[in-house]
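Next up: a single chain in structure tokens, the form predicted alone.
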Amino acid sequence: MTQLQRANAGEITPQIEQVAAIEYRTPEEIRLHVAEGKIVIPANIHHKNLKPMGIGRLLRTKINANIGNSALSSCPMQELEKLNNAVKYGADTVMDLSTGENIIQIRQKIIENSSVPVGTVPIYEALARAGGSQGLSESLILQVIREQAEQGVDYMTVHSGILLKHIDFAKKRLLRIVSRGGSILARWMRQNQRENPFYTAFDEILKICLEHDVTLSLGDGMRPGCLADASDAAQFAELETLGELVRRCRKAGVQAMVEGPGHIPFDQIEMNMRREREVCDDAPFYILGPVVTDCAPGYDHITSAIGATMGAYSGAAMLCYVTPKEHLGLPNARDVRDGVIAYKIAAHAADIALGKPHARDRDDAISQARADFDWEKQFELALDPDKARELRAEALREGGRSPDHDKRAQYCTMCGPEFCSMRISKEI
């Protein structure tokens, strides 16, 4: 039985108990929301070293880090380095989006070494095995999903909501379809004049997920790829189908969350979050960004973190990080670190504003450490302790002092001893 079925039967599972402890909630409260489908606990029965976590609007905002190779770059060892960086700096889940060689082996290594839930997008492997869209078939898609479920994948993005009748909506767009999965399926549907195989085979997909307790992440194949395409007919037509699929998942006993935009002007974010909640019966919303301006390549971890904070504050349950390399290339381990930290900041800021239990404890503790000029405590409490230490040491060196200079110095190099406001305040 899946977490959803067991919760509906009144059972408080070990996973529910662990989520309750992490989130400062009662087990019964978590069980009730899992039963309603408002919280999902991605936990494939084959993922043995997994530390269970919950995703839902009422819980702490989670972040996901995308890793994986491309046909042009990376190898298994580099992907493990990215995984380690993602988990070290605070990713709650990781997605393996590999599209190049060794897809199965890379995924196996990631699952074996990941203590956080692992997600995939099965259409990528299916396309690679088919040798192109002409070779895609419903049976191959189901085979790939089954094998990934047996391997231990905790959640899968399936682009089941983009339908043949939706494709014409995208013709009016500036960037048409930017989702890789969405574009692959749109081409296949047009070439074959047939409906989306992820939609026609949805009942079979549910049977596989039921057997292994795989959570479905209902992908947004029509997500906007620029501000000019935001909140349009293509995006919202697909959203209506995703709402239908959420209800089919719940009826079948399969956990489900919904993926969201994309590139959205800041003033439209709240509306988008509210609309998803209404259309999809408050299924956890998993959003990419959203990116709030299109003209800052190289800084999209920042442009998207701005939107992500608003998205989380308005009801998104999980944020998919964006790295500085977005729109430019495959991220490396450093980019993963930068993206994760940007999104930890976004999620944390939203949780504080929403008054999530104990969300501000860390902030109050680091403020006390600043008041005490306890530099080491400040480093320990920082979201990125390594970065804080690096910058402090750099500032000391530039000021002509050794990095080992008095670690309890009553000032920093910005103000110096005579202009330090906190030191002056203490003397008053």
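Everything numeric in this text was worked out from a predicted model, so none of it was measured. In this text, residue numbers run from 1 along the sequence as written.
Beyond the structure shown, there is the form predicted in complex with a further copy of the same chain, which is absent from this document and is the topic of what follows.
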Using 4.5 Å between non-hydrogen atoms, is Ala201 touching a further copy of the same chain in the model of the complex? no
Is Ala20 near a further copy of the same chain? Define near as a heavy atom within 4.5 Å, in the model of the complex. no
I'd like to check something about Arg392: if you look in the model of the complex, is any of its heavy atoms closer than or equal to 4.5 Å to a heavy atom of a further copy of the same chain? yes
Ile12: touches a further copy of the same chain in the model of the complex, heavy atom cutoff 4.5 angstroms: no
Location of a further copy of the same chain contact in the model of the complex, chosen stretch of 39 to 47, 26 to 34, 52 to 60, 65 to 73 [non-hydrogen atom, 4.5 Å]: 65 to 73
Could you check which residue among Leu245, Leu210, Leu142, Leu127 gets a heavy atom within 4.5 Å of a further copy of the same chain in the model of the complex? Leu127
Taking a further copy of the same chain in the model of the complex, would Met1, Arg146 and Asn192 all count as contacting it (heavy atom within 4.5 Å)? no
Does any residue in 315 to 330 get within 4.5 Å of a further copy of the same chain in the model of the complex, counting heavy atoms only, and if so which ones? Pro324, Lys325, Glu326, His327, Leu328, Gly329, Leu330
